[in-house]
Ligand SMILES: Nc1nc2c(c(=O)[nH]1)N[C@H]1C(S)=C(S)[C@@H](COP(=O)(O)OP(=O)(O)OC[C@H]3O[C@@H](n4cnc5c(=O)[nH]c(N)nc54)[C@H](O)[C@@H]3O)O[C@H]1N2
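For reference, the chain that follows is the form predicted on its own, supplied as structure tokens.
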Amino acid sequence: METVYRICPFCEATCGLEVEVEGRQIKQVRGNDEDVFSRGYVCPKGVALGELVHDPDRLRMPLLKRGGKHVEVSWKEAFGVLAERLAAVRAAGGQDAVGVYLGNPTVHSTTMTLYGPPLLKALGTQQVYSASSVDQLPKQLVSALMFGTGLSVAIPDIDYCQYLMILGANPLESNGSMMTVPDVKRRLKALQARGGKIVVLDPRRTKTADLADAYHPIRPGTDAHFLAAVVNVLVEEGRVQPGRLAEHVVGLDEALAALAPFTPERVAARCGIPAETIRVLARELGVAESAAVYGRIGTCTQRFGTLANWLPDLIHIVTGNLDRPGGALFAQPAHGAGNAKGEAGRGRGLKMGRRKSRVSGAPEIFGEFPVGALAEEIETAGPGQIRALLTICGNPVLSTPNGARLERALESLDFMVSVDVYLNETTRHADLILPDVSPMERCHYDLAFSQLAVRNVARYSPAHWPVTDRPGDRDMMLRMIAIAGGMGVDADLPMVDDLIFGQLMQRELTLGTSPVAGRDPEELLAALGTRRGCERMLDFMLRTGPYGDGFGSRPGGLSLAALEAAPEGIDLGPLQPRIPEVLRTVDGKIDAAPAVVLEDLARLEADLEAQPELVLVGRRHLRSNNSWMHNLPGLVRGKVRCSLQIHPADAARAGIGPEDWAEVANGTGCVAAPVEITEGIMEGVVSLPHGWGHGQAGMGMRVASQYAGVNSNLLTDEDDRDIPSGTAVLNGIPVRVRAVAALQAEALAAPG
């Protein structure tokens, strides 16, 4: 028996795990009490690590579709098929005939994060899509417009905050999101214990709302209306106090003037929150010793997602809580983020409108198009039509709008290849599936989530089990990069890896502010020793990062060797003020009034007259972060979670009883689910969880098929998007609800 220390790769909390192993068997998983960040906390997902690693349904060899069925083939044959069929599609239609979809598990993989960009570069396609446009893109867009980069996200300083307002988020179930915060319940209770206050606004009375000091139901999709009125009150009552931020902000007066029409009296009926309550909450924000506003997926996946994510940071500026301890601060990750490279306080900013999608003219942001445009790009003939699709760690049939249309589009492709460990609702359409290694067979360092963390820490998990019977994750990605780059199936992989690393090193050597600027590359390579792949890149990034040893120029600084010697991680301290150094806008200022944001206010004002409808929202559960987790018995057993939550008054109007099933329908689709009548959801709102709808023919997920549920995204319209960001509207969707007989419900709920 041996104890191994890992970082949980299942969700954004990134908790430290203590794993008991015997040979290649996981015997027990518990929280690591010594972990510098999570301090022993672990949720049911982390405990299920062994179920994932040993899942008999998890793919271990490539699958090739022959005669309509998937059969195991050798890696050599798989890569040969990839090279041959990818070349054929590109020869016929050009580089843009190949599309790429990246699922959110890619950011939980160090290898995918580091080698994904070189793969996209080798493919050379502009047809790139990801889960970002059904998740967090408005938050990243606003951060880039205001502060200069998409991951310059202002994080609530939860450990020191005195007043925390939460909208469209349920961190007790999600473990935090776009805010990396293990053991959030303990941290929220500590906020209250020091005399602070937590206020939650949500259409549902969530577990987070139950913990809060105050809960206010709010109509879905009206967070921006409410927050605009909060700013209006702060201006009206003379509470605009940006303090030291004033010299670093441009456009503040313009932004405040643009919000003048959104008085509490005008927005109250639309939000479902009384005008006086809005005024009280605004005053509390204005006078708090320190305060932060945290909005998450409910504020992102709605028709006004960009506005709903701009306004919290505007409030932070107005109240002087941006870049202030206890307010909203910027993380300083050890590996050196984009807002820590180059000239401090100045950069290139965000370039928008570089190109639009071929069919509907959807905007490209951060190098990708909205995933709502993917199906039409596959279906519509003409130059640039997608004829081959690569999906990496994603299940867009379940997670993106109008999955039924996308599924039909996938069937029309000439070639589809998926990198995934399951034969799921999406990969069952693939001609070729390449499985990744298990979490125990790869190294792990959180490149993305350390940029969103509530405390600066650095932690590393080396691969524990060697990969002996297949290519490792690095070699699989390098082989794909070589094939995409035209080097063939027999390319020299160490040479390809050297080329990729050489580009990373060269960029750093040419930065005048780098601790290795102008140094001899051979000297640095010698200092890196025998490391290759992710480990070599990580070591280089850490040593040239803000805490690094600078390859000798900063003795005692951080390196990968230092992290290997500290399996519990290294604590780098609480978040600290970083303005103006953190800014990467062209003029070195915070843009409080981005043009694309202000232009969208007219649409928000017009929506004030919208009439209330019955609308659908999603929800999360602590045991269900992604659809693949539904194949792990420990995460699905117990109470049925894929139910329709409905308020008693709405149930009575629809003639729905507590034991009934209900049909939920609109112009896009129709599903049926068992009913959960509860006063924990506001009247006029119903809720279905995301990520369900399993059991189709050809799948290889036996446990998930037994807990099929229904796909709520069959009801979402792929053309309904937040205008500035292109993010799909998954919350606040108008629906009709009625009771249905058991047999009819069974037919409606049947997959496909």
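The first residue of the shown sequence is 1; numbering continues from there. Given the structure is predicted, the values throughout are model-derived calculations rather than measurements.
The next section is about a form of this same protein that is not shown, the form predicted in complex with the ligand.
**Q** May I ask you to check whether Asp497 falls inside a 4.5 Å heavy atom distance of the ligand in the predicted complex?
**A** Asp497: no, not in contact with the ligand in the predicted complex.
**Q** Examine Gly150 and determine whether its closest non-hydrogen atom to the ligand in the predicted complex is within 4.5 angstroms.
**A** No, no contact at 4.5 Å.
**Q** Is the gap between Leu201 and the ligand in the predicted complex 4.5 Å or less for some heavy atom pair?
**A** Yes.
**Q** Should Arg721 be classed as touching the ligand in the predicted complex when contacts are defined as heavy atoms within 4.5 Å?
**A** Taking the distances in the predicted complex, the answer for Arg721 is no, it never comes within 4.5 Å of the ligand.
**Q** Which listed residue (Thr277, Gln126, Asn104, Thr668) meets the criterion of a heavy atom within 4.5 Å of the ligand in the predicted complex?
**A** Partner contact (heavy atom, 4.5 Å) among the options: Asn104.
**Q** Identify, from the list Thr111, Asn631, Thr585, Ser177, the residue with a heavy atom within 4.5 Å of the ligand in the predicted complex.
**A** Result of the distance check: Ser177.
**Q** If the criterion is a non-hydrogen atom within 4.5 angstroms, does every one of Asn309, Val596 and Leu598 touch the ligand in the predicted complex?
**A** Negative, none of the three is within 4.5 Å.
**Q** Which of these stretches, 283-291, 230-238, 83-91, 435-443, has heavy atoms within 4.5 Å of the ligand in the predicted complex?
**A** Selected stretch: 435-443.
**Q** Given a 4.5 Å distance limit between heavy atoms, list every residue of 404-435 close to the ligand in the predicted complex, or none if there are none.
**A** In sequence order, Val419, Asp420, Val421, Tyr422, Asn424 come within 4.5 Å of the partner.
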